[in-house]
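Single chain ahead, written as structure tokens, the form predicted on its own.
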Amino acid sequence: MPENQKIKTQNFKAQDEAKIEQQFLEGKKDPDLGVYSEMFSAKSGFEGQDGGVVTALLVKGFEDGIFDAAVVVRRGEGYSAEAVTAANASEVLAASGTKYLRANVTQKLQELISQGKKRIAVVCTPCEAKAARKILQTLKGECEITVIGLFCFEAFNKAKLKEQVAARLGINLDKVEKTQIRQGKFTAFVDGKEYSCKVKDLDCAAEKACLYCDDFASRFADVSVGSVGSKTGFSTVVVRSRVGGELVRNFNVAKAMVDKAEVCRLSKFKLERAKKSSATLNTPK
């Protein structure tokens, strides 16, 4: 889709988003965070990014019978990411960890629906969460889909990120065991060693479409999860719907307070960036 067409489509965003909120979400509406009913910081007993909270939510969902299939993103060969189906807790554990690359989660979700799956969880970025809601609107209650949204400022283009990591950190991205973005710093782990730089130094490797996205905290998910606003080893959890509330009920995790102001700050920053990007694109030359 041409960029100017994307921006034109966004002119209907406010009306579309209001319908999604009314149909799927419940709670109070915060101008920066969207609709939510509960927010807390959590750390699970699972190994994983920032306390393994997403893994814990998926495992709990399978154990409680809330869903019988999940769309997750698994690391592929080298440093790559692919959307795959997890049918049980073991397959969830095999896909744990954050990948800062784009993966076609929506396509995998549509495949599961076409196969007749009725109770599906999907772990996705804000743009994919909105797409999942659009799919749900067309299904008219035929499926139960639990949307676990991730905080996301931007995704990276693999080729460009590999080039920048080699130039700035002197390492091969395909050899990296784990990557992490926290407090404005990008960190890669190789052979037990840490290599890091400022995230803003990697802006040139970001996907261009991310410049026009205004959603940081996955406002249209049932539950949103991210590291911002929580101390090291914990994740911020934002509950946004009845479905999300059911998923976190009796959630066996250590809990702590959230720095809501920090989540709001990043949400505002991404919103303003999207406005500036759209204004620049639509300015006659």
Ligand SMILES: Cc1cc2nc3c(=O)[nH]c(=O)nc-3n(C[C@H](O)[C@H](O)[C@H](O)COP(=O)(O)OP(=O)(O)OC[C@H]3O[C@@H](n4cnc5c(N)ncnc54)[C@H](O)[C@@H]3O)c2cc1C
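Just so we're clear, the structure is a prediction, and the values are computed from it rather than from any experiment. Numbering starts at 1 and follows the sequence shown.
There is also a form predicted in complex with the ligand; it is not shown, and the following applies to it.
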- Wondering, does Gly61 line up within 4.5 Å of the ligand in the model of the complex on heavy atoms? no
- Is there a non-hydrogen atom of Val176 within 4.5 angstroms of a non-hydrogen atom of the ligand in the model of the complex? no
- Using 4.5 Å between non-hydrogen atoms, is Gly226 touching the ligand in the model of the complex? yes
- Although the ligand is absent from this view, report whether Cys124 comes within 4.5 Å of it in the model of the complex, heavy atoms only. yes
- Message: Within 4.5 Å, heavy atoms only, one stretch in 254 to 262, 53 to 61, 26 to 34, 238 to 246 touches the ligand in the model of the complex. Which?
- Response: 53 to 61
- Between the options Leu101, Leu112, Leu136, Leu202, which residue brings a heavy atom to within 4.5 Å of the ligand in the model of the complex? Leu101
- Only hit among Ala155, Cys213, Ile120, Leu169 for heavy atom within 4.5 Å of the ligand in the model of the complex is Ala155
